[in-house]
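Below you'll find only one chain, the form predicted alone, shown as structure tokens.
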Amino acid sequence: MSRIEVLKTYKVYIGGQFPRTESGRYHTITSKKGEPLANVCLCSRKDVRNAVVAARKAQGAWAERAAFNRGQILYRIAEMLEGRKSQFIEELLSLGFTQKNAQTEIDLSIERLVYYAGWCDKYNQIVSSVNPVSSAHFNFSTCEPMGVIGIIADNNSPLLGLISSLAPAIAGGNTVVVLSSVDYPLNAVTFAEVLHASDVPGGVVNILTGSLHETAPTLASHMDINAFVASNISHEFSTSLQLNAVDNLKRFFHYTIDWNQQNSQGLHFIGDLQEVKTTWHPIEQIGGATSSY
């Protein structure tokens, strides 16, 4: 007599915890053969608001961490993902990915984390500058994180697209609220377990699942979101979200990109989510010599 398999119900990841969705709803993810694999939460607007609150609470302390320490933490995520690589590949295979595509997706995800870990303590020196001025001042421009970033992960690149969007954001001291792939959410919710087991402080990364048409407008219009990043969504959906984002003049980035290509990583992905602050420092003239105070 065969038994009924108990499917795992994946919860959402908010503030370093795994709460059930406020809506109480879920849907069943099926394999390429139509067999049920797991239950995944259908998040509501309240879940989005809770995630933004958690991200804002964590942002100040995360931005104040030493850049080198942020790099260590991103590298630790890569280590943890490497240790669970076979689980992620198995999930992709069950959803219809080929062995080659699944292997590439996971390998590039690990490499991308290591890549942005290396940038954490370097990007500010490159993007910042000392500016020439015609008065008795030193003039410095330097980067500061924008704050809380809303992200729509690439629907067809369930792990690599997600990591390629969130890694440059958190490398630069921002915190994020991520709406995961709708069709292939298992890698995203399993990645939340990797984050929870690593050194990432609670609230730095928050991952939600469910319908984008229900959650994305709320995230785009939220007044405590400082920038919004979307990957490979339709032009009509992008335009709609941009209209939602105008009230607090948040930056909006829509990347139409193949995350497997070399140009899908780079310093500009960190720089896009930074604010450039300029400081004027007066110079005192003492007996013909120049000094600052």
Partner chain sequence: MKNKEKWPLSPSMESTQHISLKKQYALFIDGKWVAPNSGKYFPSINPADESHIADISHANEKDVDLAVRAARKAFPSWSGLAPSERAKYLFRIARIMQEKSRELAVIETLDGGKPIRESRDIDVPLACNHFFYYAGWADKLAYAFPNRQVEPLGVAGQIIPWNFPLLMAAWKIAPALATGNTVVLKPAETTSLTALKLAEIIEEAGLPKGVVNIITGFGDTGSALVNHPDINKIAFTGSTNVGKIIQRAIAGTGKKATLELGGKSANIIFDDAPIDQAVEGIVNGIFFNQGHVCCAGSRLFVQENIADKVIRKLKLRMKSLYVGNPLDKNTDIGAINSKEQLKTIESYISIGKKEGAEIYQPACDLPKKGFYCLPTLFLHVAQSHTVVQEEIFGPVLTIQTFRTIDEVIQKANNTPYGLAAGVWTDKGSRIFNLTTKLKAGVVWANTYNKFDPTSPFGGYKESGFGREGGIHGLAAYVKLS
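Computed from a predicted structure; not experimentally measured. Numbering follows the first chain given and starts at 1.
Keep in mind the form predicted in complex with the partner chain is missing from the figure; the text below concerns it.
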### Query
Within 4.5 Å of the partner chain in the predicted bound form: all of Lys46, Leu93 and Asp183, by heavy atom?
no
Residue within 4.5 Å of the partner chain in the predicted bound form by heavy atom, from Asn101, Asn156, Gln72, Ser141, is Ser141
The partner chain in the predicted bound form has a heavy atom of only one listed residue within 4.5 Å, and of Ser129, Gln87, Ser198, Ser211 that residue is Ser129
Of the candidate stretches 159-167, 141-149, 198-206, 93-101, the one with residues having heavy atoms within 4.5 Å of the partner chain in the predicted bound form is 141-149
Just to confirm, Glu64 within 4.5 Å of the partner chain in the predicted bound form by heavy atoms? yes
| query | Taking heavy atoms and a 4.5 Å cut-off, does Pro282 contact the partner chain in the predicted bound form? | reply | yes
| Taking heavy atoms only, is Asn39 within 4.5 angstroms of the partner chain in the predicted bound form? | no
Exercise: Leu243 in contact with the partner chain in the predicted bound form, heavy atom 4.5 Å: yes
